[in-house]
Ligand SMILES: Cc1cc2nc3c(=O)[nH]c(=O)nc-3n(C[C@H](O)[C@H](O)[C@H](O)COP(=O)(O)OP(=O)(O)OC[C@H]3O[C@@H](n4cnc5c(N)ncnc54)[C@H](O)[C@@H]3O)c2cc1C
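Single chain ahead, written as structure tokens, the form predicted on its own.
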Amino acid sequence: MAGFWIYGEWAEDDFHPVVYELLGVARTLAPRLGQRVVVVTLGPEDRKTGVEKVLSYGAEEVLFLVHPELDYFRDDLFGRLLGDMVRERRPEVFLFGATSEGQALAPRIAGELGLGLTAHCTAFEVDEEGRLVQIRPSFGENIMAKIVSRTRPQMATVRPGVFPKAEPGEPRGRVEEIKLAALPPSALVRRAVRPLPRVENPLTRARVVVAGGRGLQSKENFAQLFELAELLSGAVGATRPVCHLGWISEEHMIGVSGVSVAPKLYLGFGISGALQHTVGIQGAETVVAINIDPEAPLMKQADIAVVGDARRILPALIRRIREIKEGKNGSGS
């Protein structure tokens, strides 16, 4: 077994942001497993300069499979080529971002090789036997399951935004170019490709997130969060039940079924704090919860817990912030 592998998903002119998040994970875990950090990516030869970038973010080696026909992702072709690499190099761990590309590719490789795969991991540990423990919500998202793979490599997909990105430093390691002389005939399909621009969800980069749950009790009450978010230069998030009620679109959903956020300040109004939601706010620096129930899970988890009716506190907070911004409080502070 050799290597803590990361799939190097390419997005336009750089690696997908989740690759840098996985590098942060690998830099912590790989030494404890006695493994080197390896990024495995595929593409045409003119991508080499961009590929070298990850050597500054903790990658000790890059395996770069090169062929002109690898300019665009195809799960069947990429899966076949990476499956061959796994058979040949026998890595200990292989992580993928839980993006649309990663979720198409990882199960294909796992199925082809008869390997286990843990989806949507939100945390990792190394146990006393030196095995990677993969942690994810399970059983209706009410518990955090700890999973250990019996097969090698230990494969998992990781939700984007859960882990902080690796910090750059002095580059080390090297890029190993593996030039493919030929591809399977079925792969040589001429096509026109017009990639869509990647649109980042504002929640994933917001420094302030204001979120609401069913405790706000109506779509009209929930809509006030947009006013508060504007005052705080933040973004609006929501729980899954609120999205299913139609109060807001699902792109605002935080948690297992939505996005993960890591703001400096998170404000939760009328949110009980089911595990499905709270796994998405693990990266928040300060959590403030407003709920009428002091025993709600989010209230116990919060740095600041305010016991009260979120429907009344939300408009009062908006008024007070407006007064401060307009200098009506007498001191201007």
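These figures come from a predicted structure and were not determined experimentally. Superpose the two forms; the largest set of C-alphas matching within 1.5 Å is the rigid core. So that there is no doubt, residue numbering starts at 1 and follows the sequence shown.
Below, we turn to the form predicted together with the ligand, even though it does not appear here.
**Request:** Give a yes or no for Gly258: in the predicted bound form, does one of its heavy atoms lie within 4.5 Å of a heavy atom belonging to the ligand?
**Result:** Residue-level check for Gly258: yes, a contact with the ligand.
**Prompt:** Would Glu323 show up as a contact with the ligand in the predicted bound form if we use heavy atoms at 4.5 Å?
**Reply:** Residue-level check for Glu323: no, no contact with the ligand.
**Request:** Evaluate Met253 for contact with the ligand in the predicted bound form, applying a 4.5 angstroms cut-off between non-hydrogen atoms, and reply yes or no.
**Result:** Answer yes; at least one heavy atom of Met253 falls within 4.5 Å of the ligand in the predicted bound form.
**Request:** Although the ligand is absent from this view, report whether Val86 comes within 4.5 Å of it in the predicted bound form, heavy atoms only.
**Result:** No, Val86 stays farther than 4.5 Å from the ligand in the predicted bound form.
**Message:** Among the candidate stretches 89 to 97, 211 to 219, 163 to 171, 73 to 81, which one is within 4.5 Å of the ligand in the predicted bound form when only heavy atoms are counted?
**Reply:** Looking at the partner contacts, the answer comes out as 211 to 219.
**Request:** Work out which of Gly34, Gly283, Gly308, Pro68 lies within 4.5 Å of the ligand in the predicted bound form, going by heavy atoms.
**Result:** Selected option: Gly308.
**Asked** Heavy atom within 4.5 Å of the ligand in the predicted bound form: which residues of 289 to 308 qualify?
**Response** The stretch touches the partner through Ile290, Asn291, Ile292, Asp293, Ala296, Gly308.
**Asked** Is Asp75 one of the residues whose C-alpha moves 2 Å or more between this form and the one not shown after the core fit?
**Response** No, shifts by less than 2 Å.
**Item:** Arg89 C-alpha moves between this form and the one not shown by 2 Å or more, core aligned
**Value:** Superposed on the core, Arg89 moves its C-alpha less than 2 Å between this form and the one not shown.
**Asked** If you line up the core, does Arg131 shift 2 angstroms or more at its C-alpha between this form and the one not shown?
**Response** Comparing the forms between this form and the one not shown, which are aligned on their rigid core, Arg131 does not shift its C-alpha by 2 Å or more.
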